[in-house]
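A lone chain, given as structure tokens: the form predicted on its own.
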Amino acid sequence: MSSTTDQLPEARAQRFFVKAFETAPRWVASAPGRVNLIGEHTDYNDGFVLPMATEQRTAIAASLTNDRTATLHSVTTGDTATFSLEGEVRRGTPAWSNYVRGIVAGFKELKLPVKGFNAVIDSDVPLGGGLSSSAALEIATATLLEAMAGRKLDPTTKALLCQQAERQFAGVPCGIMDQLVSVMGRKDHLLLIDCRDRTGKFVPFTDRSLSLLIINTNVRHALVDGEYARRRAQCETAAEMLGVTALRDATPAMLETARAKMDPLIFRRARHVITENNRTLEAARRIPAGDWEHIGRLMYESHASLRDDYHVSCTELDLVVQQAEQIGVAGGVFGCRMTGAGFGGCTVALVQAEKARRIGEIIGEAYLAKTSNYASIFLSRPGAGASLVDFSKPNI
């Protein structure tokens, strides 16, 4: 559950670049994945989220070329994408290259120069695991293109550009959380994001006796993408019925008053978002005081709401959360919940760091026994946001 320096994606991308192109890269840009402690499916409702940047990252090693072509090789998938930078940038194959293509298109739309380049991409952010491998790739790409263009974007502008790329080129109607925390992440801090005005407030998470244990179920049910869009539409319907701009503006009392005229399913979708916003703000208030048991209870309540009202959990996620709850505070687990869009992917557990390895073993063994599948388990504390190494400049 740990990596040495030469095993980090930045180092691996650099080594593979030398092998692929027989020269050293000029830049290595990297950006983190995201794990959300609490505040799920609230971001596209103008609500609040409390994520952190993970220590797991996506890295891109790159150098300029003399032509107007981008050539990208993914160490993770083993395939290569090549596309022209002349004229309009379009979607293409392999599918992962669309995240890069979308960022290139965004830079061109801003009239920023995009020169030909070769790149190698490597990552230890799980693909399809709910930890936003897509945003990590987008932000790493944008960080690289900033260096190539000699222009640094405002962090919010950069996040919005990447969000737009994911919507247009990957067809995912995502919120802004993933991109913002990948840009703005700070070591040993969570980031409370107000998704309406896209501002963030850092929440210190400095207690070294605690860590987040991330359990990837290694399942991804096929209905996730369509259901995500459906939930968003259901929330918009609920907001319209409640007479508010977004569910962020609704209260539990307003919802209860309108209950009789609402479809039961729409009511439950709204109830999740409204109560989840309240849980998120309460967690952010209690973290500085170290009220970990209460925060853990909020995490369990969040999972129950996502399972019962929002219907985005699944059997595998529920098994992990149940096992964590059985271990309990006495065994070193304060709380656990699914994280990400749902229907598979990851859970996140707030645990005592000294017991984390054993907790992971217990959960992994129980998960294997009940599903015949292996879970991938790793630890993370809050990591740093996007970064760039420019090898053409002296390292001062």
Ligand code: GLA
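Because the structure is a prediction, the values reported are computed rather than measured. A residue's number is simply how far along the shown sequence it sits, counting from 1.
This protein has a second form, the form predicted together with ligand GLA, left out of what is shown; the following refers to that one.
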Name the residue from G116, G175, P155, P126 that puts a heavy atom within 4.5 Å of ligand GLA in the model of the complex. G175
Only one of Y228, W96, F205, W292 has a non-hydrogen atom within 4.5 angstroms of ligand GLA in the model of the complex; which is it? Y228
Which of 333 to 341, 61 to 69, 364 to 372, 24 to 32 has heavy atoms within 4.5 Å of ligand GLA in the model of the complex? 333 to 341
Taking ligand GLA as it sits in the model of the complex, is R57 near enough to touch it, meaning that at least one heavy atom pair lies within 4.5 angstroms? no
Taking heavy atoms only, is D43 within 4.5 angstroms of ligand GLA in the model of the complex? yes
